[in-house]
Ligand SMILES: Cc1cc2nc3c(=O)[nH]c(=O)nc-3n(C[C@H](O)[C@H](O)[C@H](O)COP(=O)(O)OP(=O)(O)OC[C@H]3O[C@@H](n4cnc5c(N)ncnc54)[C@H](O)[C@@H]3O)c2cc1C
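Shown next as structure tokens: one chain only, the form predicted alone.
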Amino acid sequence: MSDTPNNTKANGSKRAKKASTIRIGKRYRANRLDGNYDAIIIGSGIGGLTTAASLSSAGKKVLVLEQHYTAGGFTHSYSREGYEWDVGVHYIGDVGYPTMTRKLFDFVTDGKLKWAAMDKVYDRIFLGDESFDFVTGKKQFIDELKQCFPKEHSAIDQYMKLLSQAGAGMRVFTLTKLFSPFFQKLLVPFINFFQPKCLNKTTYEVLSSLTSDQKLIAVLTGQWGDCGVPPKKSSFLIHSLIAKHYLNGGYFPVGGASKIPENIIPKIQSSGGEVFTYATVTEILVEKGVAVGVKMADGTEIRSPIIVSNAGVFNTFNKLVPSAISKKFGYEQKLKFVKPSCTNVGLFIGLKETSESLQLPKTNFWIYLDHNHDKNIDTFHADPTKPLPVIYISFPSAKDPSFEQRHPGRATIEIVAPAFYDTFTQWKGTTWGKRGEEYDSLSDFFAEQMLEALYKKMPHLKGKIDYYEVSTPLSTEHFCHYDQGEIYGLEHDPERFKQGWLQPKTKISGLWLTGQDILSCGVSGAMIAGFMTAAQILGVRKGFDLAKKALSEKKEPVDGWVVSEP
């Protein structure tokens, strides 16, 4: 959610202070707790909700505790002045047909979540004045690339082969998460046999071994914002996951991102569980080396034999688990090998016309200064007054076929750009919405750059904007309790994927982890991790039964997989 709700409208008049919110979940009160719970989950992001829904499917009574006013984590939405925005979901791949991702979505929502396909061109990459399209369908994707780079056919073919090999390697990597770090080391020969050697090199290192064409490398890495790590620092593993994830197109949840938690919560409640909001956990209770419950901000202690943290490893082991316990089990040291991911500034725009009349596309725009991704972001980090190295533009009201019905005569645009937390640290500890004129001026400085990029690509939108708000890393810190304002959990560099301790089961008996820190960033990665955590908690036999129940759907596409095709 944004952090500058009372600045100025795009037309210069003062913005109204009236705000409405999309609240999902039940407000916490100690007297609303209902007896004993089989499991307690801290955090209601997609990882936590998936773990809860999966355990509930196995008959467990699960309590989910969310500190925010609404459930969903980065899948929540908010509204103001008659507009609605999705804070973290801009598009999702692999849901247009029965993949594992789609089956898991159907499993945790009982098939109630619907999807709409984006345009055939789901991402458009701008390098300066040139543009390159990512087209739906593997063959079409390849054909488009080869048309743009006629001298690089061999490199493109090799790249596509590496994506397939990396996909197979990722499946092996995912399975290793079910084993302890000790057994993971024993499995190294097996893992190395199935994983390509390039998997955990940097993305740039791998691509530069295929081609010397820097423009082609820049285009292939044009989605690096989806993990927040530029090509010379990111692991090729995460690059390949993202690229492969979208080869068959991008999709958007019908009704907006909030439909994801809204449709998962009934499954949790069906076994007697509940999702509470305004429910801040201040400590994980550990007795004799065993996690036995949680302590709430109001002092209430809630006991359970299973505690699952979806709060991220830094929050879990630096804040929630007593420091002496974290140190005893080695987590204080382990955290030195990982670091928080990037953060961002965002612009949430409202327009008093329909998406159709405004000619808003269902295509995402990735706008770069040129092909020097790493150089440009390093320059920007050294001096935040330099041009933004990348600006991402999404048109959610155009992607959602139900938007016009829910918000007649209105449209929305969301713009995201990278930021660094240290740019905003002088305002750390200030009150949300009241950080002062200097903070608002800095926010508007970034907003003006993002608006300029929008108008350059779509000049007909000038004068059409009715309302906008700006978010910064401090907004993320305030609403999601991430100290560095990080949006992707841990940074996805090669070192991160070497950490065997990043798995569901912790060394502290009774304490489990879930969410994007376990596997990879993004809604799908966090959801798969959430399912893995539930399966491991249930044990081999019940976990296998859960997997069979969730994934044994028809293997061929069926009518109604998506509401609309591009």
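The first residue of the shown sequence is 1; numbering continues from there. These numbers come from a predicted model, not from an experiment.
Unshown form predicted together with the ligand; subsequent notes refer to it.
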item: Segment that reaches the ligand in the predicted bound form - one of 503-511, 533-541, 520-528, 29-37, heavy atoms within 4.5 Å; value: 520-528
item: Residue 481 within 4.5 Å of the ligand in the predicted bound form, heavy atoms; value: yes
item: In the predicted bound form, residue 72 touching the ligand (heavy atom, 4.5 Å); value: yes
item: Residue 91: touches the ligand in the predicted bound form, heavy atom cutoff 4.5 angstroms; value: yes
item: 4.5 angstroms heavy atom contact with the ligand in the predicted bound form for residue 344; value: yes
item: Whether 253, 355 and 413 all lie within 4.5 angstroms of the ligand in the predicted bound form by heavy atom; value: no
item: Sole residue of 85, 224, 488, 122 within 4.5 Å of the ligand in the predicted bound form, by heavy atom; value: 488
item: Position in contact with the ligand when the complex is considered in the predicted bound form, options 95, 321, 108, 311, heavy atoms within 4.5 Å; value: 311
item: Partner contacts in the predicted bound form for 229-256 (non-hydrogen atom within 4.5 angstroms of the ligand); value: 246
